[in-house]
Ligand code: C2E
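One chain comes next, on its own, written out as structure tokens in the form predicted on its own.
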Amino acid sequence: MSNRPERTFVEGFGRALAQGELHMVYQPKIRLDCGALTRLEALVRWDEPELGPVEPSRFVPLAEKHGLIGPLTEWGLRRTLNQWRAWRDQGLDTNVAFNISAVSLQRLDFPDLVERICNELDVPTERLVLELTEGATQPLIKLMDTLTRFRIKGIGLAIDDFGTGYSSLLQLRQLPFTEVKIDRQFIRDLPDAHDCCVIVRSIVDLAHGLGLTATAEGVETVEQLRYLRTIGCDVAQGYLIARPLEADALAGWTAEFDQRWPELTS
């Protein structure tokens, strides 16, 4: 991408953020022991007028590079927590997960900002989990104090895409995570691929041994879900359960999934 197209793209994203043209969708995560909704992962979406839907993997790195990640993070967090409050008022009891950038963690006041937003919007901090990709966590060893402050405030920390980096065990040992999300590439070939079965079972056992929740990403088949249940994985998300939903679709999905659950596990 040349400088001019990148600059034009970033300017367009900045306008979209400033003018409220971004929106959030939410992907359910369910408990594998009973099928109950346990959390919704908030995901930012941008529909660019000429390009159409733009993947976060494209605009988030540019937001980090060009100083827009702070405004994007605060906007997304406020939108997500406001939505949690709306669900609570509707009688839908759940938790939310929100993805953050390693760049945001370089702000010394970032944990205080997150706590302040929770307090402003009347959202208990224990209802929020912040997710970080495994690759992003590699420089975070230096930010142990910042991450620990999140835990002191009752905010959970999940390591996303676990198993794809090179220092996974060190990160789990040194950083105060509460949840491990197993990368979808290991889930994809379950239960037929013996090596994937061994890896996933080992990650689940490792997570439990460290007192962490094990979550499987990218669950798309009944066979995958049933295998994950047999090895004691705690939580699952993926297209078998639900694609990312608009906020007002949650109540309908909950009723529909409650009816599907017995068929998925029988």
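Each residue number is its position in the shown sequence, starting from 1. Only a predicted model underlies this, so the values are computations on that prediction, with no experimental measurement involved.
Here the subject shifts to the form predicted in complex with the named molecule, a form of this protein not shown in this document.
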Worksheet item: Though the named molecule is not shown, can you say which of S101, T146, T94, Q83 has a heavy atom within 4.5 Å of it in the predicted complex?
Response: S101
Worksheet item: Here the chain is shown alone; which of R88, R184, R107, R116 has a heavy atom within 4.5 Å of the named molecule in the predicted complex?
Response: R184
Discussion item. Does any part of E179 reach within 4.5 Å of the named molecule in the predicted complex? Heavy atoms only, please.
Written reply: no
Item to complete: Flag E220 as yes or no: does it have a non-hydrogen atom within 4.5 angstroms of any non-hydrogen atom of the named molecule in the predicted complex?
Response: yes
Discussion item. Is Q27 near the named molecule? Define near as a heavy atom within 4.5 Å, in the predicted complex.
Written reply: yes
Discussion item. At 4.5 Å between heavy atoms, is P56 in contact with the named molecule in the predicted complex?
Written reply: yes
Discussion item. With the distance limit set at 4.5 angstroms and only heavy atoms considered, check whether E6, G67 and P71 all reach the named molecule in the predicted complex.
Written reply: no
Item to complete: Quick one: find which of 226-234, 193-201, 35-43, 206-214 has residues within 4.5 Å of the named molecule in the predicted complex by heavy atom distance.
Response: 35-43
